[in-house]
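Given next, in structure tokens, is a single chain: the form predicted alone.
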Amino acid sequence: MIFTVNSPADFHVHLRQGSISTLVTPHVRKGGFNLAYVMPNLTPPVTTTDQALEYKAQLEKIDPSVTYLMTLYLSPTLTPEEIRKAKEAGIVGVKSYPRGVTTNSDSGIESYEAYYPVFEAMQEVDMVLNLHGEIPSNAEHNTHILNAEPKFLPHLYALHAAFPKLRIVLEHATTRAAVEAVKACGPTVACTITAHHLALTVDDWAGQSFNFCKPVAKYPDDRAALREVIKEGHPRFFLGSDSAPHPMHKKSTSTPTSGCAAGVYTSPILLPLVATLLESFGAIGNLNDFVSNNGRAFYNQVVSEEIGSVQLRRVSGVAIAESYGSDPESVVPFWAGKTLDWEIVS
């Protein structure tokens, strides 16, 4: 059985910097994708147009066959003037990280109201606001990694109400509450879903560092909600892998004072993995919409065979590599050592 996917696009991927970027950037194409929406949480974060363009040039030097859509990191230095400059330079979006909730988010925000002038400029020039949809843990308010996403949703509603023409993407939804919130909003609000959150529940990452990411996978009913909205074919839900590589010495170890790094790495196996997962819950017929059509429509990106179609072949158990690269910066993919039911036709 052969399945053709037109113009696969990953609307949320981490390509890092330095030598690990050299290792993982070609994995976007290896995993079947020709468009990558690149996250800005480097060290230091990408907060200006010039930094984003320099980063893009570095990625294109590593692998020029992929289209890289660049983003800025929402920070106090970002101004409406910089937004207009970014738009003219082809920068597509701005990513908001609440402070301290995930990797390299120490420069994240604490309040949205201060950024309303920036959001107004984004709405005027039609840039996308990407929201990491969690609030920081707070014991006094009983906020923790399992309810941080539902507690964020009032912010989504408030931003959508204040800026109804602003395109907003709630990133990497993990809960039924998030799915229902996005569906309740207007057509300018969309949502990405990762491959690994279609597979995992809380039991899978408790004690298993390679399944640990933020936001964490939640309950079986939450996973069911993610699967249901894909099977339904809702046009405002699409793939954003949140593929996040970490070297083995950060991912596989923790100490009494430092936990393991948060992130699941799916880029090199992404399209076969998504096909395997969608088939498992009866949604393989919506593969094109989920990995191409829906996201490209929301981001005003063309869908065309000329851009590049990818053929998948139904197989019986293709083994996933145990790791990529070499120490000290080898990275371990999701489901390492397990098998997939689809492979890319060379």
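None of the values given here were measured: they were computed from a predicted structure. Don't overthink the numbering: it's just position in the shown sequence, from 1.
Another form exists, predicted in complex with a further copy of the same chain; not displayed. Remarks below refer to it.
K.L.:
So which of His246, His196, His132, Arg223 gets a non-hydrogen atom within 4.5 Å of a further copy of the same chain in the model of the complex?
P.N.:
Only one option qualifies, and that one is Arg223.
K.L.:
At 4.5 angstroms, heavy atoms only, are Ala206, Phe210 and Thr255 all close to a further copy of the same chain in the model of the complex?
P.N.:
Heavy-atom distance to a further copy of the same chain in the model of the complex: all three under 4.5 Å.
K.L.:
Considering a further copy of the same chain in the model of the complex, find the one stretch among 186 to 194, 142 to 150, 80 to 88, 266 to 274 with heavy atoms no farther than 4.5 Å from it.
P.N.:
Every other range fails; the passing one is 142 to 150.
K.L.:
Should Tyr219 be counted as a contact of a further copy of the same chain in the model of the complex, where contact means heavy atoms within 4.5 Å?
P.N.:
Yes, Tyr219 is a contact residue.
K.L.:
Just checking whether Leu159 would be counted as a contact of a further copy of the same chain in the model of the complex - the rule being heavy atoms within 4.5 angstroms.
P.N.:
Leu159: no contact with a further copy of the same chain in the model of the complex.
K.L.:
Would Ile20 count as a contact of a further copy of the same chain in the model of the complex, using a 4.5 angstroms cut-off between non-hydrogen atoms?
P.N.:
So Ile20 does not count as contacting a further copy of the same chain.
K.L.:
Heavy atoms within 4.5 Å of a further copy of the same chain in the model of the complex: does Pro235 have any?
P.N.:
Result no; Pro235 lies far from a further copy of the same chain in the model of the complex.
K.L.:
Heavy atom within 4.5 Å of a further copy of the same chain in the model of the complex: which residues of 325 to 346 meet that condition, in order?
P.N.:
Val332, Ala336, in sequence order.
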